[in-house]
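Given next, in structure tokens, is a single chain: the form predicted alone.
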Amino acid sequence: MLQSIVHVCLAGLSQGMFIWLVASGLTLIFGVLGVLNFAHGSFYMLGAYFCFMVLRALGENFWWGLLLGPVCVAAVGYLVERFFLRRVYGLELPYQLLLTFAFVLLFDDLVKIFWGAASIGTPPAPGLADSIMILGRRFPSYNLFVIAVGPLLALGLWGLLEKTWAGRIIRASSSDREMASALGVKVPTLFTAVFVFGTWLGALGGGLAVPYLGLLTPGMGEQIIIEAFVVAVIGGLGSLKGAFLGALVIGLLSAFGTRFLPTFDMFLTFILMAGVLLWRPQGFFGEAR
């Protein structure tokens, strides 16, 4: 029994870290720009496909794909923010959601045009294709790698936002755009940089998912963006530490639900979200409005 629980916990942690990688970019963009980017799941999907494209071009080298793929998607994010999203910052939330949802449909069709509508098999990550023995059962080494990457990213984001001059400028601009602009901060340029960085985070999650999923499919971003939104709501919109905690909770709940209550897997997630909204509508670390 202990063996089963430990392995389910590890599976939940690895799943939660993938959700966190996507939710971190979604949360950062909303916290600074005030935009709920429904297309963030599509950047996750593009990160996976671009990573696959690069690794195939460079001879099945996954690490080069993981390095260059998200950078390519970040360039796409720059174009989206610079020429489209910037025009809806001052509009109501429904306009933002409609625009970003349009990009979901656009990117899904572009993936089908360039890579086809069929699923694509992907290779394992070099050096992490094996499994290790934990309590008498084997657990994938790559999943342990992902479990380690998630907290390191969280620590890096905390250090960036709390301990650097750039982080202070970002926090000041998100709190009072007019005052930051009056003090000489180029707020539009800063917002573009934050959106591009958030896009890179989502694409990094997609690149890391390439060996984990084993298959790439058009529309693969829809499921992860739903989970990322749930995490953002539970943790508190705009709160990175809330998103990290929410991702852990959702990952573990999903793993235990899949193992012991497979019929009610997604149902448990939404029951948790409903309970949090009833008990604390602003989420774990969100501010009451």
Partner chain sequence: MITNKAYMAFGLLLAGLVVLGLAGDRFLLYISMRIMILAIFALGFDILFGRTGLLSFGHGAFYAGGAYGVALCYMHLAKDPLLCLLAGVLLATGLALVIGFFCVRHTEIYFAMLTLAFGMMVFSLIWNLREITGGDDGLVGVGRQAINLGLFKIPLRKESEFYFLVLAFFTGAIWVAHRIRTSPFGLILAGIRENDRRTEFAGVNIRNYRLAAFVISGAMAGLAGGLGVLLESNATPHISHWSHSSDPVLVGLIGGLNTLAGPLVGSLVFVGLKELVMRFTTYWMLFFGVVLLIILLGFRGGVVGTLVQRLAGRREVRS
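Source: prediction; values computed, not measured. Whichever C-alpha set is largest while still superposing within 1.5 Å between the two forms counts as the rigid core. Positions refer to the first chain, counted from 1.
Not pictured, yet referred to below: the form predicted together with its partner chain.
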query	finding
Heavy atom distance at most 4.5 Å to its partner chain in the model of the complex, all of 98, 101 and 277	yes
Heavy atom contact within 4.5 Å of its partner chain in the model of the complex, the stretch among 153-161, 188-196, 80-88, 203-211	80-88
Non-hydrogen atom contact residue 94 with its partner chain in the model of the complex at 4.5 angstroms	yes
Residue 237 within 4.5 Å of its partner chain in the model of the complex, heavy atoms	yes
4.5 Å heavy atom contact, residue 36 to its partner chain in the model of the complex	yes
Residue 110, heavy atom within 4.5 angstroms of its partner chain in the model of the complex	yes
Contact residue in the model of the complex, from 166, 71, 135, 105 (heavy atom within 4.5 Å of its partner chain)	105
Rigid core fit then residue 277 CA moved by 2 Å or more between the shown form and the other one	yes
